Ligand SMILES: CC(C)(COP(=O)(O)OP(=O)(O)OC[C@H]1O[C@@H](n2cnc3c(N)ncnc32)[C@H](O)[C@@H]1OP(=O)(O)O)[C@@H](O)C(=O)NCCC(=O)NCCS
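Just the one chain here, the form predicted on its own, laid out as structure tokens.
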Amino acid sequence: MNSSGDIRVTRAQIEDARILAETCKRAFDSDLEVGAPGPGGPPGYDSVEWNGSRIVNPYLQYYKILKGETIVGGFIAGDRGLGYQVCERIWVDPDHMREGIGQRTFEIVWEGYPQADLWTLGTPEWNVRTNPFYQKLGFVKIGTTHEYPHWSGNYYEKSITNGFPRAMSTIEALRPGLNQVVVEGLVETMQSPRTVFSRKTGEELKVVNAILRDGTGSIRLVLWNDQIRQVKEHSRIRLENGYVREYRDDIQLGVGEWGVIITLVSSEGT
């Protein structure tokens, strides 16, 4: 990937996992200074094993940020579909913050993805450092996420091209067998949760059937366990990394293991 001044962004190698984990830990531990409710960071942020597994993951692009020859941070990119890129994680070692490295990293990365229609990312609502930084870069808040029970995340996107993103689907276009679905709609109705038991493990599970509608049609949305808490009736949501299956002649939409549910801005406060 390109460079800017003495900043370079290149693909990380497995031997970089230790120093990347160390810089990641220092960066996220410093969030205590910018609103974090307690110590810690996102899953695997301080783990050499976790970072190593992401470096070799074929579905991610894990980059190291270098200043000269020194690793000063990392950037993990993922694909949500054709032209739909997500910044899964970015960090800069606190010793090198306020040097413009984050902004230059994004500029370099964007140049490396000329096919992108848009970029998305999420950040905690409490973070008084990252929220204004992403807004400065041209990211616009489109909604909130609720993976964590005690705080919400702000979800941003930056449009690179005009028009309907190629990766996004209308409900009318959804067909059984589709994966990595990105779709928006209104949660028209939600049934009460019911208890079922896994055929494989016997585990007790909670499930809710909802109806998601857009201007082209409607589909049954099946929510499991903690996904139920993240969706409210009459809210507008975007679902990323969904999948479509047919069950007893009924076409259903589900949320993948790495899926994201975003409550869109127009639904907040309702």
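These numbers come from a predicted model, not from an experiment. Heads up: residue numbers just count along the shown sequence, starting at 1.
Unshown form predicted in complex with the named molecule; subsequent notes refer to it.
J.: When you measure heavy atoms, are A173, R236 and L239 every one within 4.5 angstroms of the named molecule in the predicted bound form?
T.: Zero of three within 4.5 Å in the predicted bound form.
J.: Considering K136, H150, R199, R194, which brings a non-hydrogen atom within 4.5 Å of the named molecule in the predicted bound form?
T.: It is K136.
J.: For G102, is any heavy atom within 4.5 Å of the named molecule in the predicted bound form, or not?
T.: Answer yes; at least one heavy atom of G102 falls within 4.5 Å of the named molecule in the predicted bound form.
J.: Residue-level question: is Y155 within 4.5 Å of the named molecule in the predicted bound form, judged on heavy atoms?
T.: Output for Y155 is no: heavy atoms all beyond 4.5 Å of the named molecule.
J.: I'd like to check something about P132: if you look in the predicted bound form, is any of its heavy atoms closer than or equal to 4.5 Å to a heavy atom of the named molecule?
T.: Result yes; P132 sits at the interface with the named molecule in the predicted bound form.
J.: Is the gap between A27 and the named molecule in the predicted bound form 4.5 Å or less for some heavy atom pair?
T.: Yes.
J.: Specify the contacting stretch among 175-183, 84-92, 112-120, 156-164, defined as having any heavy atom within 4.5 Å of the named molecule in the predicted bound form.
T.: Every other range fails; the passing one is 84-92.
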